[in-house]
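Given next, in structure tokens, is a single chain: the form predicted on its own.
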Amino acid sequence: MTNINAAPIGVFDSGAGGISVLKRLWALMPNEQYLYYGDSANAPYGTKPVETIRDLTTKAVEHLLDEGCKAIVLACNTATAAAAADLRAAYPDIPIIGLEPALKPAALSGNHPTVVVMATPLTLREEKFTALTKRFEDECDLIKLPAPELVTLVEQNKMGTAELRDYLETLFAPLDKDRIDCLVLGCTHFPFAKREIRAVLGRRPVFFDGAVGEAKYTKVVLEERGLRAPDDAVGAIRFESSDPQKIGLLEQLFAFDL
């Protein structure tokens, strides 16, 4: 193995939500080094102009590459939609793994299910997501549900609070909750609110998020490119944030039971 195999995998999110992806990566590849960078000082991304998100994501990825990362995992649907294509063009030799809402497995999970996709406004209006919905519009009844404030509530560590519950009650109020078969968590912050979402819905729709698939694909890409750390290597995680006061939250969410 060369030195590059021992280099860290860079994991980037607009804030703390990407920890849900990091947890999946760690479960699959605990022998790897990880550098997690959350841009909490600029969160949420989902309500910002695409150009701003692209610039912020590019700067974060450049930082991770300066730190010697051998691959970049964009643990953010919004950043992926805004910047992944440009980043891959700029760094063709670096694996850059993006994320998208797990609409496909939800749409194909049953007999024409009703699928609610919770995501940031930008993710829901991006061309990439529009193309995805057109592919599966005949397979399910699709409901788009923008939930930008949920990102902020997770960033503020509001899990388990009445404030979060009240927000979700208001968010889901216009929907027929009994019709929801599948709930796609189209933002990496949202899995941290699953307990409260279940409580508000009063039933158990099947949850889908892209973190599991992204982690598995990252492993495949690293193996194909010969970049995996040795099996007997000791893995480790380093947390960074554009808001240093959020480091404690990142560590706390990594211990959170999803």
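In this text, residue numbers run from 1 along the sequence as written. Predicted model only: the values in this text are computed from it and were never measured.
Here the subject shifts to the form predicted together with D-glutamic acid, a form of this protein not shown in this document.
The shortest heavy atom separation between residue 187 and D-glutamic acid in the model of the complex is within 4.5 Å. In the model of the complex, D-glutamic acid sits beyond 4.5 Å of every heavy atom of residue 210. Interface membership of residue 151, defined by any non-hydrogen atom within 4.5 Å of D-glutamic acid in the model of the complex, is confirmed.
In the model of the complex, D-glutamic acid lies within 4.5 Å of some heavy atom of residue 76. Heavy atoms within 4.5 Å of D-glutamic acid in the model of the complex are found in one stretch of 90-98, 76-84, 124-132, 169-177, which is 76-84.
Along 219-255, no residue reaches a heavy atom to within 4.5 Å of D-glutamic acid in the model of the complex.
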